[in-house]
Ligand code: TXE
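Here you get one chain, nothing else, as structure tokens; it is the form predicted alone.
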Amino acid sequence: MKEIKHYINGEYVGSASGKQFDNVNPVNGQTFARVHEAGREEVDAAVKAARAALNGPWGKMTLDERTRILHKVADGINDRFDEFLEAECLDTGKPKKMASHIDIPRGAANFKVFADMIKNVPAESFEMATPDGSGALNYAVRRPKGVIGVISPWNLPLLLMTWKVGPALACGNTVVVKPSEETPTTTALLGEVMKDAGVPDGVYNVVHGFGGDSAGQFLTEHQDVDGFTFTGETTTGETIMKSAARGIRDISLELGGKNAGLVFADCDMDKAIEGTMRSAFVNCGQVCLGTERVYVERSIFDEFVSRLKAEAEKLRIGPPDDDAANFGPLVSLKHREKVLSYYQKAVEDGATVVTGGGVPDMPEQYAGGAWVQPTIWTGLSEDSPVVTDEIFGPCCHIQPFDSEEEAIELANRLPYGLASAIWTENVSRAHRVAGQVEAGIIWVNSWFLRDLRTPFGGSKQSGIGREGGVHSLEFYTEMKNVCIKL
């Protein structure tokens, strides 16, 4: 059986303890690889290698040399596209059609985008007067933050990992990556691409394992790591904040959400249905920016529910190799238990199950997989856990509203503030509502339309900090002011 090892200082190494865990294919529930679990020894070795590379060849490279290498990394991923695609789909179970258009190409593009961006973002300078009349010149320079701990999620493993590693390396940092234990394969495979592209040993390191009393805890507790970037649930983010507080290490956290979609009667119904279908069900609902709460103006409520139901029931459930499939399994049987517990809770709380609500019938060879039905509810109280908790599955609750003010109040009532989608053809309303909804990213008449130059992150309990464009550079660099007396 295949083994997935750590990538430390340019080499694949096993765990000294011999500890390993299963990597399970969510399509059929079968183990296809064994993953080495890092102890403190492996994490310490990875951090030391990252520090040595920072002070060694990587830190001595010019910006042009560094960015040329990162372009080669992107090309290396694309040259091995099919291999990365196969690995990503084995880990996640998602349809190859989707992963081939989103996960792999955008994962590769992150290296080129940020390599080009760092070359074109200016710092600031100011002339100032001095009492003696000769003046002074102040100018800012960017320097790498240091060794960055990257803790990446399982829903878009390659894309969201490179979304962090790309700008970190472009800015001259070195990294120790702890991928999700559910989806370690492409993060490990990237080590080979880094080596072939000429990335010096120690710049990119990977340690596998879990959170508490495993690689995640050992990495965040390590005092020679200068900052942490994490995408995942809010409770884990709180734990990382506590660890980072010791030694005053910087953090960038993109955390949980319970995102609201607001559908007004003056919307283009076709756009609203198509966009809500994607925001609720794409990637089997496992998208941090997805819509689990949909609020629809009462006059169009029945039509909207009926049309969304019809579209949800057209989704084709199937394995990655099924070209007609556009809906795969959840990432794991464990996650399915969580999602199904909310499906059951919805019924207990009196929901009307518009469609779905259970497990689909699958052919025998896939019966052990983590399959669930796309599900729509109506009729729940706003205090139901189904409406307040992030489920992270292919489901949404639809509730009517009667006024713009009520819609805004409903959208803002939870402690999360990651994303929202607003559907209206009234341009004044679009600006007015977008300005009042408390979320880090607002889409109007669209969803998941991302310009990588723009700030990305959440408000309230959905995160701290912003990434994307110059905002990524602000986190991954330290600004130094130089004052020259003339």
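The structure presented is a predicted model; accordingly, all values stated were derived computationally and were not measured. Numbering starts at 1 and follows the sequence shown.
Only in words, not in the display: the form predicted in complex with this ligand, which the text now covers.
Visitor: Which of 238 to 246, 74 to 82, 359 to 367, 125 to 133 has heavy atoms within 4.5 Å of this ligand in the model of the complex?
Guide: Result for this chain: 238 to 246.
Visitor: Name the single residue among 318, 400, 256, 227 that comes within 4.5 Å of this ligand in the model of the complex, judging by heavy atoms.
Guide: Looking at 318, 400, 256, 227 one by one, just 256 meets the 4.5 Å heavy-atom criterion.
Visitor: Looking at 180, 205, 186, 173, which is the one with a non-hydrogen atom within 4.5 Å of this ligand in the model of the complex?
Guide: Answer to the contact question: 180.
Visitor: Looking in the model of the complex, any heavy atom of residue 216 within 4.5 Å of this ligand?
Guide: The answer is yes: residue 216 has a heavy atom within 4.5 Å of this ligand.
Visitor: Can you check whether residue 198 is within 4.5 Å of this ligand in the model of the complex, heavy atom basis?
Guide: No, residue 198 sits far enough from this ligand in the model of the complex that none of its heavy atoms falls within 4.5 Å.
Visitor: Is there a non-hydrogen atom of residue 392 within 4.5 angstroms of a non-hydrogen atom of this ligand in the model of the complex?
Guide: Residue 392: yes, in contact with this ligand in the model of the complex.
Visitor: Quick one: does residue 233 come within 4.5 Å of this ligand in the model of the complex, counting heavy atoms only?
Guide: The answer is yes: residue 233 has a heavy atom within 4.5 Å of this ligand.
Visitor: Going through 332 to 348 from first to last, which residues have a non-hydrogen atom within 4.5 Å of this ligand in the model of the complex?
Guide: Stretch hits, in order: 335, 338.
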